[in-house]
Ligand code: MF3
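Single chain ahead, written as structure tokens, the form predicted on its own.
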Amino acid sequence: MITIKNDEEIQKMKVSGHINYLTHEYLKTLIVPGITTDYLNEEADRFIRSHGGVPSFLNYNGYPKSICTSINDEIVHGIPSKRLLEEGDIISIDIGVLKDGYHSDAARTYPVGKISKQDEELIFHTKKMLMIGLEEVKNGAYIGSIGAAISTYAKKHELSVVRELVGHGVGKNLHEDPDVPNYGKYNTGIILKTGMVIAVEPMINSGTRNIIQYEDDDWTILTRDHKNSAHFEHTVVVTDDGYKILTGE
């Protein structure tokens, strides 16, 4: 069921989203070669709690950590561990925050030290796709137009859109209706309404769109061809004439 949030609910989600934003801003200062993803997880957990929030991902459907850390060919749901970040890696960090009964969800992909030109372009274009998708968001617009804009841009730049994983509604539950695919056709699908809150999150591969799951943990999703992937996400509220980012400054 799709829910429309009232002003009080949106304000609570804005607070949750701001903690999410601040956590990303803090973690990006820690990302250097030689640190572990467990360290990032511990610092994120501590930071979120110090600001009055709770990590949304911890124990969600059995997920064992507080954030997701996906390195290089890992698309999403990478589990923090003792793995050391290396010069030239890229890392996607996905963060969920629960505050006063409402969630926020946001992801970014970061360079570790100096990265390749190809990975720089992958990160640049994936972030651009998020914003291009958001340009389609407003009251009365079709949800299919979001994915159409993202996939059109991806094709132009010879990048691949993951189809098995999609954006989603956000609210009292971390994942709510509707699904928000990163592919589709313009002017099709559910009509967006003022007060709907959705997470738009392009997951973009530098190679083919095909994916596999890491059997050892039943969580981590990787590219089948083991080429790198990037991920950007914002939680936004639909407004009469556009959108407002809740996981931004």
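Computed from a predicted structure; not experimentally measured. All residue numbers are counted from 1 along the displayed sequence.
One more form of this protein exists, namely the form predicted together with the named molecule; it is left out here, but the text below deals with it.
The named molecule in the predicted complex is approached by Tyr60, whose closest heavy atom lies within 4.5 angstroms of it. Though the partner is left out of this view, Leu222 does not reach within 4.5 Å of the named molecule in the predicted complex, counting heavy atoms only. Within this chain, Glu74 is remote from the site of the named molecule in the predicted complex, having no heavy atom within 4.5 Å. Contact check for Cys68: a heavy atom falls within 4.5 Å of the named molecule in the predicted complex. Residues placing heavy atoms within 4.5 Å of the named molecule in the predicted complex fall in a single listed stretch, namely 169 to 177, out of 83 to 91, 133 to 141, 115 to 123, 169 to 177. Along 199 to 233, a non-hydrogen atom within 4.5 Å of the named molecule in the predicted complex is carried by Glu201, Trp219, Glu233, in order along the sequence.
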